[in-house]
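In structure tokens, the next block holds one chain alone, the form predicted alone.
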Amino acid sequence: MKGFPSQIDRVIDTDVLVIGGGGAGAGAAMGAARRRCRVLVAAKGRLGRSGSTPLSSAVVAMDGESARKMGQRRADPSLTPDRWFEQIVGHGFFLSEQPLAQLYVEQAPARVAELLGWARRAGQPFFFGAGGSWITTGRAIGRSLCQGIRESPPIDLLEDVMICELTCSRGRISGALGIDIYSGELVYVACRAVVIATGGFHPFSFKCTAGDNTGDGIGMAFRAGAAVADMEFLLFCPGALFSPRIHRGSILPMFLYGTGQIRPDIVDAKGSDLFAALPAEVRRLAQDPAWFKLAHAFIWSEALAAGRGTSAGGLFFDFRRYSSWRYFKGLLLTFMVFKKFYGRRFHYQHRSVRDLFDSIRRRGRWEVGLCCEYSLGGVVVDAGMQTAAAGVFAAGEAASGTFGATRTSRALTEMLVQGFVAGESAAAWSKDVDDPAPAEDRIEQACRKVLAPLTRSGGTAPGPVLETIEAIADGALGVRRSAGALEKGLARAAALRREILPRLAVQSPNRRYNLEWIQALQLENQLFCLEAALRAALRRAESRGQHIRSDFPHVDNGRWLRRLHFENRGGKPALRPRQPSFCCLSPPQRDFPGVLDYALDRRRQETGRLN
């Protein structure tokens, strides 16, 4: 292979490389292919079956007015595009980039309608819910996306390949280096444009999403010259199961509680109800689907911070006062949903949950906790999904800016909209530039970096380092944060980067299906994202979204109506506050005592407009 280092086993040439096999990646591939470009999708796993898409709660949405025009009689026509846009920006504490929120609202109807068409032709179940939403399963989303790929112009697939590093030449992207996970071969993809669609960054030990949300695309894009932002903002799911262990991380309790099918008491370790003493308006806020996650995360984290949690750091869904009538009513509703989606009454996400329903019948308890399900932070993009790195685009959870400080709208809709736009933009870019000249020295440098853990002896194994990263996140990056914990976590993370990362080594030099090697290569990205999140959380001396500072509980719009960008300055992240675009809606001019006060104020305004 002339012009390439000897370590490279395969070279592939394409116009647009899409990194990621989930919804954003599939959308980007189809968007680029429709512009008559050569497109290659590289995924760690299988297209439509890897990443967080198969595990998602699987709701896609558009505004109710558009859903009504599509023939959905139960759609809410008062949920107009303008009102939906106002909700997204307002619920995000006005940190949304409003052009991105506009793009989301404007293109959602077309993208969701297209997905529903693929689903029908693939025989996948989608059912209309409330407002302008359709409910399905993660697997149905994946199969529908695969149907869309089959119906698109030709798209090449590179499955079970982890892209590790982007390479640049003459100031723009020239390719990417990856590893075939099963064979261990080094694969180089020469391309004119890249779309990062690799998902987010979930650094905690307790997980309710796929374990490979390691921030790979975010880290690679930054090293290529892109900026990242909003890393302090994470979305926590209230109600993921701690035990029994076979169900650990399942979001079934949140699904049942949030949809109103089963509503037990939520109690602390001593059996005290978390909501009984709260004002009625706060209890109503906690039942509002738009504010459900924010209100519960705030109230749960307050109880946990006060030492009222279980030994595992959880709370209980308590069924001791659950009447037989409520049980059988909830069971009937749940069985109807399970039968539609999974074909069997006691199956959720294709796993038996009979034991959980038996415990409800026996008036038992479920131990549940707060679990990170989505990261608001990611690569900074414009309305064309272009980054500051020439030829690099980003979409979906790997990008940032649409939802601001917290998300109440649907991430699956975001991945569809942004994926298609990123693919179209990458295709247009690739047609305007010449073929990149391979930078052999940079490719060789990337090869040495990727192969280094295999050749070191006496170094540090990646497993304990990953456990340390998770412990740092558990101790400092939960919903409730403080300067002391953040400073301690940041010092530990920086020490890992300086002292341990350069010494990572794996036990076996065999490159075939060496998952320890893969884990070692992910750690650089995980550490970068962790440090950025800790630095931003420490810098943001206020509370906003699910970033709750115990030492700064108020929402400070006067000083902190800013996004925190990390720009690449000579390879090092420089933190710069940047004001988001207020092109359509002006932000509130006053501060609020806390995030619940802000949420209550927004809810009053929204309710008042409807009345």
Partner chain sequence: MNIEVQIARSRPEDGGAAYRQVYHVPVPDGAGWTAMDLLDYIQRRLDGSLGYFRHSACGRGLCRRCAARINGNVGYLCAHIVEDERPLVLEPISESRRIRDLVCR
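Residue numbers count along the first chain shown, from 1. None of the values given here were measured: they were computed from a predicted structure.
Beyond what is shown, the protein has a form predicted together with its partner chain; the following relates to that form.
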- Message: Using a 4.5 angstroms cut-off on non-hydrogen atoms, would Glu106 count as touching its partner chain in the model of the complex?
- Response: no
Flag Glu499 as yes or no: does it have a non-hydrogen atom within 4.5 angstroms of any non-hydrogen atom of its partner chain in the model of the complex? no
Next on the checklist: Taking its partner chain as it sits in the model of the complex, is Gln507 near enough to touch it, meaning that at least one heavy atom pair lies within 4.5 angstroms?
Outcome noted: yes
Does the 4.5 Å heavy atom contact test between Gly45 and its partner chain in the model of the complex come out positive?
yes
Within 4.5 Å of its partner chain in the model of the complex by heavy atoms, the stretch out of 413-421, 347-355, 92-100, 309-317 is 347-355
Interface check vs its partner chain in the model of the complex: of Asp382, Asp160, Asp76, Asp288, the one with a heavy atom inside 4.5 Å is Asp160
Checking Gly260, Gly343, Gly211, Pro279 against its partner chain in the model of the complex, the residue with a non-hydrogen atom inside 4.5 angstroms turns out to be Gly211
When its partner chain is considered in the model of the complex, the residues of 500-524 having a heavy atom within 4.5 Å of it are Gln507, Ser508, Pro509, Asn510, Arg512, Tyr513, Asn514, Leu515, Glu516, Ile518, Gln519
